[in-house]
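Quick setup: the structure tokens below cover two forms of a single protein chain, split into structure 1 and structure 2.
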Structure 1
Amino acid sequence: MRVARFALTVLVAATLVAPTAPARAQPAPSAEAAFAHVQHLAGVIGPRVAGTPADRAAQEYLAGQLRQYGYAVELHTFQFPFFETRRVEVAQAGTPPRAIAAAALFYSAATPAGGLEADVVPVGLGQPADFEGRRVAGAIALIERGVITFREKVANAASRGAVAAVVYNTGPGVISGTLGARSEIPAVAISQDDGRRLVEAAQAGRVRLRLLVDTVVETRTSANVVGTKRGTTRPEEIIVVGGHFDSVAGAPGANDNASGTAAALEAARVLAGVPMARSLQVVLFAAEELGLYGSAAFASERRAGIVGMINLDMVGWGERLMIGASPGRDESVVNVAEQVAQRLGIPVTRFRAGASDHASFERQGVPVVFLHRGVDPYYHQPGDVPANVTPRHLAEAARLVVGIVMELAAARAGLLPVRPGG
């Protein structure tokens, strides 16, 4: 993803925004209607990996819903590096060998067809200094999760001659993560317990692992679903509401992220008949799980005129709705969201947002707010099913989105549209 710098988009601090009530009544978001979208996406279609038939089925469903609400709908196509895991086997050599549950990190290189076997060398967090004094060449680097990205950890191991990298979790279960691009060496994730056991064994003596990783990396095409409602007096200025509709392989993706998609759709339904000065675009993103590819393509190609972006990801579970932007980024729209939440009586907590589709817009100079309710116990697991999503949480998120959009669309928030250029 290319990152460009843009001029400051905020003319007036959001703290000066005067609370305003909608000029006309609109229907309230429906928990039942929003939950029906979750049921269809996660319950009927199921796992929605970008570049697969399920991905296309989800696109058709979402486009149909937005057309039904009266939006002008298009599919914004883009290419991305598709990734698929066909087989992963990890075992500690011995008599008998001890099988270890593992998952390939997205974009992991494959092992030779017959697999590989090598000594295990623990290298802490996998930072450059952690490799000092360690004989990693020809070995499997055992790395703890945290501090730096998976991609950096694996690249550091490869640069020192490791034949593979194994990253162990800092909590229960096997993690799912992406390298963002194809790695030079095979890279898998294991649980915290298995990782610590291997570290202790390697500190006591020689430990060997056998790895077999069969993966596919190829270029495929997917599409973001875009619904546009044209503004009345300043249509060239655009507010984007979005969330990703794809999921990881094997996970129905009810909370991650049929929940955010459903809340965005429900907000779109409520706002469909409300005249607004600025235009509204509801953009439902594909290929987020593989590395924000859908939102990155849209934000870089369609950034002109966007005054703000609202992102919803995992809003169906958790104690309290959280709002935020990435550390060090413009928080003007977050301030607007906080004021709107207070006016609507919706409890929110500010936080420093993690990686989701809003980050693609921040890189293009667009102020954002990210709505999130935390990571649930079924994150990236087969248990991420509709039964674990709370319908009233969806309605609450949609209600807040409606309020934020009404505030921004009234053109009173002092936000300047982003223009292409350096």
Structure 2
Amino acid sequence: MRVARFALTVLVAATLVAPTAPARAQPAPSAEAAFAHVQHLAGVIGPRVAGTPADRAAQEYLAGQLRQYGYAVELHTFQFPFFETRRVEVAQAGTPPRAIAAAALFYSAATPAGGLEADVVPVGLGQPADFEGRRVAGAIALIERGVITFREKVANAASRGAVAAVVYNTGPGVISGTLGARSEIPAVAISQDDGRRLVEAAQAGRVRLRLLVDTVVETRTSANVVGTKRGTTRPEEIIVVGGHFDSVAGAPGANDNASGTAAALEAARVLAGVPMARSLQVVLFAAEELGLYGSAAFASERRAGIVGMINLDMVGWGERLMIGASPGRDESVVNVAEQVAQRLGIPVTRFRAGASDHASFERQGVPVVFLHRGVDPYYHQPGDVPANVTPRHLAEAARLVVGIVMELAAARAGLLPVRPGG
């Protein structure tokens, strides 16, 4: 308490002699500089799947940029469950066999190298009661998407002796879903049409499926790239600006999320020359796409001193910036962001945020603001290339970040619930 009052006295004294953040002219981010990062990450390096050589190339590039701006740079390493699909083939046995479009669920076990063939047994939604009176031992369980998680469906099938699980969609296309952790048996997703056709055929007679799933599930190491700029009067209190730099397999990840990484970097560049009371940490996260692994490791290991977090994910496509926190979470930093946006004349919409790295900080009790522009048509596709990213959108996001950071880092009393030391 005495320390806090002392700090406050120093702060009030400091504010009498030094101008506070809004009074200070805000340096302007450059659209071209930000876009150059997108071109390098998505255009030169390409898809950046965590745990691959492209992941390491991206880390080196990002560390080099932050070092150039004058930040103290470190790699924060962590282990995570790596997953990769090498080959997936599904076919209804017959003469000729009928090929069925399929994708391995993330963290699916592999089949034997030669594949497997078994009878198909439909088991509804794959809830425990759905298995009553059905003989799935040695068979392939055919399960409809919905109500319980993929992981639960597949575990229920495995515990009753199924040799594989096939989950069919409730809408168009083959969905990409995750089991969260390695499954006992191979598990693939197929379309609703193919699923329904197989259910009907299995009800009419015997249906056999052939499955070949070649996946890699193993522990690997990756690293978040961390750049730190020490605060002048409250260095132990930290503002985090972050965004993930990894992408899904096959997607160059220009908008998701070279865009957020680029805007964070550009904000870091212009903030390097701005004296601030609190410390600024720019953290570029690895392994978001497999399950927020990089940010989860960082937020749990480095939570001490963090007073607020700004996450950027998909800010290069779509006219309007959206800001928010997860449902039911602290909105104090969102409120600050809204005020700053208004002052800067940047139009923003408040929305309920989806799944990205800010959630890892919210789980540790850190107030966050998540910035994005909505889902583009190339999301997680090979078409997520730099040409679909608008440079001025990156600069606008960076400008808002600079404003929010200057506001939060100015450390005027009553702005944030300050909990140094976590």
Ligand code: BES
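Just so we're clear, the structure is a prediction, and the values are computed from it rather than from any experiment. Each form is matched to the other, and the largest set of C-alpha atoms that superpose within 1.5 Å is called the rigid core. Structure 1's sequence is the ruler for residue numbers, which start at 1.
- Between the two isolated copies of the chain, the form predicted together with the named molecule corresponds to structure 2.
- For the motion between structures 1 and 2, the hinge, where fit shifts from one rigid part to the other, lands on 216 out of 148, 184, 216, 230.
- Each of the two rigid parts keeps its shape between structures 1 and 2, while the smaller one turns against the larger by 17°, per C-alpha superposition.
- The shift recorded for the CA atom of residue 206 between structures 1 and 2 is 8.3 Å, with superposition on the rigid core.
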